[in-house]
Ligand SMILES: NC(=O)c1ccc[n+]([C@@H]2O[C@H](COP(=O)([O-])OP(=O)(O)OC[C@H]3O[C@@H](n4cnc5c(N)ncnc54)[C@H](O)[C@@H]3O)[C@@H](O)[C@H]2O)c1
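Read the single chain below, which is given as structure tokens and is the form predicted on its own.
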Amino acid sequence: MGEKIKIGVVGLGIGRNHIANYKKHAGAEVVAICDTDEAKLSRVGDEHGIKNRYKSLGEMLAAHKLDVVSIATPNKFHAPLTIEALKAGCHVLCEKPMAMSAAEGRRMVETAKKTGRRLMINFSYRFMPVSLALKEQVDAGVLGEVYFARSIWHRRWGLPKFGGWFGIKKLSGGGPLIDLGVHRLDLALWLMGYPKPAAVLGSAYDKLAAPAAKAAKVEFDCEDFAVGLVKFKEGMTLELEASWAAHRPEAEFMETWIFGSKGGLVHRNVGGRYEFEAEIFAKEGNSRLAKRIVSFDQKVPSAMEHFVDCILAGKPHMATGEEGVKVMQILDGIYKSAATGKAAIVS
């Protein structure tokens, strides 16, 4: 193999996973890391043997000619840092959600087009065997005409770093809807063929987290539970639910249903854990049966490995910025509807 793709990673929380996955690819090399926290820089740099460490993206870009930058910071900084990296001539893999709003997302996409660089969003729930197995079946027409979906991620009690940036709206953009719901939303939209959202009705609640935050004397101004109903221009409907706190038995409950004219499918976690299974329900003759998808006979790369593969091969990548904007349009609509009590029109 020729010269490796040179990568810089910004944000060393979830960014640690980016580094680990890039290191799996023989054609990739993480040459620099960036974080405002010096302790993280030292710890992660030592762990992965990365000597080039910076406290700002500008410093890192000035010191190295990078091919790819991974953005894994708090949500508030996704758009400005992505745009900075794109303008410096780098392809960008940005963590989900892509931005704080669809308007920010559009600016990111426009910048990628103007600079001729790639923009990919880390919608990681696509990159698992059962997800790709389902997508293969859907694309083969097993479901027929898709008309309804329901996608859920509930936690019994799972507020990330209570008192940290996740629960502060000016840094995160919102609570579980934009943190967890974004994954299940993308998965459903991807399996549905990414239809165009037209209108959204939503509600958001903080019945459990707000009292807990007050008692703990920590800052928290996000929802802990949100629900949305999305109508698409193609006529489909989708229901989305997300919670960091809910009175249910499972610690983690994830489930996505898609219904079509010929069959239905479900993608779900098993036993409240991060293990997944999938089934397709379709009519055969005069009977209806469930077919369990248990394996996918291709190696499933991570989003980071996929991005490098596509750059090296000069082929299109999954999870595009344009798809990220559609996700943000729906999230924006749910939050707007929850705040106004009226349906939100998506333009």
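If you're wondering where the values come from, they're calculated on a predicted model, not measured in any experiment. Quick note: we count residues from 1 along the sequence shown, nothing fancier.
Keep in mind the form predicted together with the named molecule is missing from the figure; the text below concerns it.
Worksheet item: Counting only heavy atoms and a 4.5 Å cut-off, does the named molecule in the model of the complex sit next to every one of M192, M236 and G260?
Response: Answer is no for this spot.
Worksheet item: Any chance K170 has a heavy atom within 4.5 Å of the named molecule in the model of the complex?
Response: Looking in the model of the complex, residue contacts with the named molecule do not include K170, since no heavy atom lies within 4.5 Å.
Discussion item. Against the named molecule in the model of the complex, would L265 count as a contact residue? Criterion: heavy atoms within 4.5 Å.
Written reply: L265: no, not in contact with the named molecule in the model of the complex.
Discussion item. In the model of the complex, does K114 come within 4.5 Å of the named molecule, counting heavy atoms only?
Written reply: Contact check for K114: no, nothing within 4.5 Å of the named molecule in the model of the complex.
Worksheet item: Using heavy atoms and a 4.5 Å limit, would one call G11 a contact residue for the named molecule in the model of the complex?
Response: Flag for G11 set to yes.
Worksheet entry | Sole residue of F232, F127, F77, F253 within 4.5 Å of the named molecule in the model of the complex, by heavy atom | Contact with the named molecule in the model of the complex is made by F77 alone.
Fill in: Contact assignment for the named molecule in the model of the complex, among H183, R118, H154, R150, heavy atom within 4.5 Å
For this set of options, the contacting one is H183.
Worksheet item: Hey, of 90 to 98, 137 to 145, 103 to 111, 207 to 215, which bit sits against the named molecule in the model of the complex at 4.5 Å between non-hydrogen atoms?
Response: Contact criterion met by 90 to 98 only.
Discussion item. Under the 4.5 Å heavy atom criterion, name the residues of 19 to 43 that approach the named molecule in the model of the complex, in sequence order.
Written reply: Residues within 4.5 Å: C34, D35, T36, D37, K40.
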